[in-house]
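A single chain, nothing else alongside it, follows as structure tokens in the form predicted alone.
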């Protein structure tokens, strides 16, 4: 099977950790062993990943050194995180493949995703990025930079940027060729670098494309048999956080759509993952959500949640 595997940013930098490169390497060593076993079983593998914790740290580094080093815009920060994480993922997985004496190598493609520059998302920035601040500090940063801030559920303020839908990848042809070559490809990390096309020219924009929506698009572009969304949760739950919570081994597109509409799956956690799987299944694919450690069992339908037509 051809698999598109979407890894959450927290799978690379666990919540509550220090965000060091040593921590990321340690997390990736375990993840790489799981992923290498899929390649060893004969599956074609395309990886994509989140970048929330990592790009947040990049923005914090830039803010604290802005007086000495010119800050980079969001699209450049996205590209930076793709290179950073793509290198670490590729090295860890390549080492795991070598230990198994497999010939496949791992290639990282910094990927641009075209969005609609006239999307309403640019008029209503909603995607939180970077660290949290108290209101006076957020106001001072906003005044100096022009960035938009919004209050969060914890009462603190975070910068918000547009989150338009992904339309297509700039590198679609080369991406398919790399995947067809039999090697493992890491692509569209962090949702891809958002760009708009005007008069045949590409321009980066201040935005973040939802990584799960991009994963569904990536799966369609490379002709994946299965979109595998791997998270910290072992399965999708309804009634999450309540005494009646229950895990789902399967759910239909109709069931998932109904729960999405009712707010059962929050926007900031499971919602985008379920939405991405529904999108890909509607397009004729198959999709499942589960824990990274259970990847092989999720693939076999023995763990996680499978989304069915």
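Numbering follows the first chain given and starts at 1. None of these values were measured; they are calculated from a predicted model.
Absent from the display: the form predicted in complex with another copy of the chain. The rest refers to it.
Taking non-hydrogen atoms only, residue 60 approaches another copy of the chain to within 4.5 angstroms in the predicted bound form. When another copy of the chain is considered in the predicted bound form, residue 174 lines it closely, a heavy atom lying within 4.5 Å. In the predicted bound form, residue 139 stays away from another copy of the chain, with no heavy atom inside 4.5 Å.
In the predicted bound form, another copy of the chain stays beyond 4.5 Å of every heavy atom belonging to residue 223. Only one of 122-130, 139-147, 79-87, 211-219 places residue heavy atoms within 4.5 angstroms of another copy of the chain in the predicted bound form, namely 79-87. Shown without its partner, this chain lists 236, 230, 227, 193 as candidates; in the predicted bound form, only 193 has a non-hydrogen atom within 4.5 angstroms of another copy of the chain. Between another copy of the chain and the residues 104, 167, 160, 109, the one pair within 4.5 Å by heavy atoms in the predicted bound form involves 109.
With contact defined as any non-hydrogen atom lying within 4.5 angstroms of another copy of the chain in the predicted bound form, the contacting residues in 196-218 are 197, 200, 201, 202, 203, 204, given in sequence order.
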